[in-house]
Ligand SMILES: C[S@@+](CC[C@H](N)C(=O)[O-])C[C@H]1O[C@@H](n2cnc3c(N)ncnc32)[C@H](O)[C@@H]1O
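Take a look at this single chain in structure tokens; it is the form predicted alone.
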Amino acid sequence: MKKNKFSKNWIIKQKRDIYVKKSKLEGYRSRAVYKLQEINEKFKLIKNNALVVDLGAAPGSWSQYISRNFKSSKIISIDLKDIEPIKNLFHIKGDFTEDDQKIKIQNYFGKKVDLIISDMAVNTTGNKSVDSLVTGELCIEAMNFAVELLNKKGTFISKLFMGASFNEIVALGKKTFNQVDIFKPPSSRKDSKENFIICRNLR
């Protein structure tokens, strides 16, 4: 019963959400695109000719934003799900933590990459503490992946939730990168615990 009520509330929110309406009008696959857009408008992180890896990319709105606005960028997306084709995008269906997938990505680019992005989160259970903890583990996995594949001046952007692992993730970011910022984009729902960690320039 609780799950049905949660689903109904989510549907009502979606119908009222201006970013959902805007994404449909502008031809983006989800409202999540505006989070990356707002991050980039504030921090100026994405450049033309960038080599980009989009982790947990489905349905693909972050890759879609980069492809549309930075046309000479080269992007790999990886997700357990398939996604519809996007220009300048090579999609891998698989788990980014597996070594053979890392090798596939490295071989595709032939060198270290400029930008690794992740809007990954677990399927919510309704228990915000559990959701925060498991999404935090995903963020740490993504950061470890970024350390292996980024060039020295590279950038890592990832979703993380306020919760038990938040300070640990920020501390890991500061230990690994020279510059770390935490940002909650305006398009992120006010009742959501999500933030984004932006890490630049590997130590």
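What you are looking at is a predicted structure, and each value in this text was computed from that prediction instead of being measured. The numbering used is simple: start at 1 and walk along the sequence shown. For clarity, a rigid core is taken as the largest C-alpha set superposing within 1.5 Å between two forms.
Only in words, not in the display: the form predicted together with this ligand, which the text now covers.
K.L.:
Out of Val53, Leu160, Ile157, Ala57, which one falls within 4.5 Å of this ligand in the model of the complex, going by heavy atoms?
P.N.:
Answer to the contact question: Ala57.
K.L.:
Would Asp100 count as a contact of this ligand in the model of the complex, using a 4.5 angstroms cut-off between non-hydrogen atoms?
P.N.:
Flag for Asp100 set to no.
K.L.:
Taking any heavy atom pair closer than or equal to 4.5 Å as contact, tell me whether Ile76 reaches this ligand in the model of the complex.
P.N.:
Judged by the heavy-atom cut-off of 4.5 Å, Ile76 is well away from this ligand in the model of the complex.
K.L.:
Considering non-hydrogen atoms and a 4.5 Å limit, does this ligand approach Met120 in the model of the complex?
P.N.:
Although this ligand is absent here, Met120 would touch it in the model of the complex, with heavy atoms inside 4.5 Å.
K.L.:
In the model of the complex, does Lys111 come within 4.5 Å of this ligand, counting heavy atoms only?
P.N.:
No, Lys111 is distant from the partner.
K.L.:
Using a 4.5 Å heavy atom cut-off, indicate which stretch of 26-34, 144-152, 40-48, 163-171 touches this ligand in the model of the complex.
P.N.:
That would be stretch 26-34.
K.L.:
Any residue of 92-119 with a heavy atom within 4.5 Å of this ligand in the model of the complex counts; write them all down in order.
P.N.:
Going through 92-119 in order - heavy atoms within 4.5 Å of this ligand in the model of the complex - the hits are Gly94, Asp95, Phe96, Thr97, Asp119.
K.L.:
Does Asn88 move its CA by 2 angstroms or more between this form and the one not shown when the core is aligned?
P.N.:
Where the cores coincide, Asn88 shows only a C-alpha shift between this form and the one not shown that is less than 2 Å.
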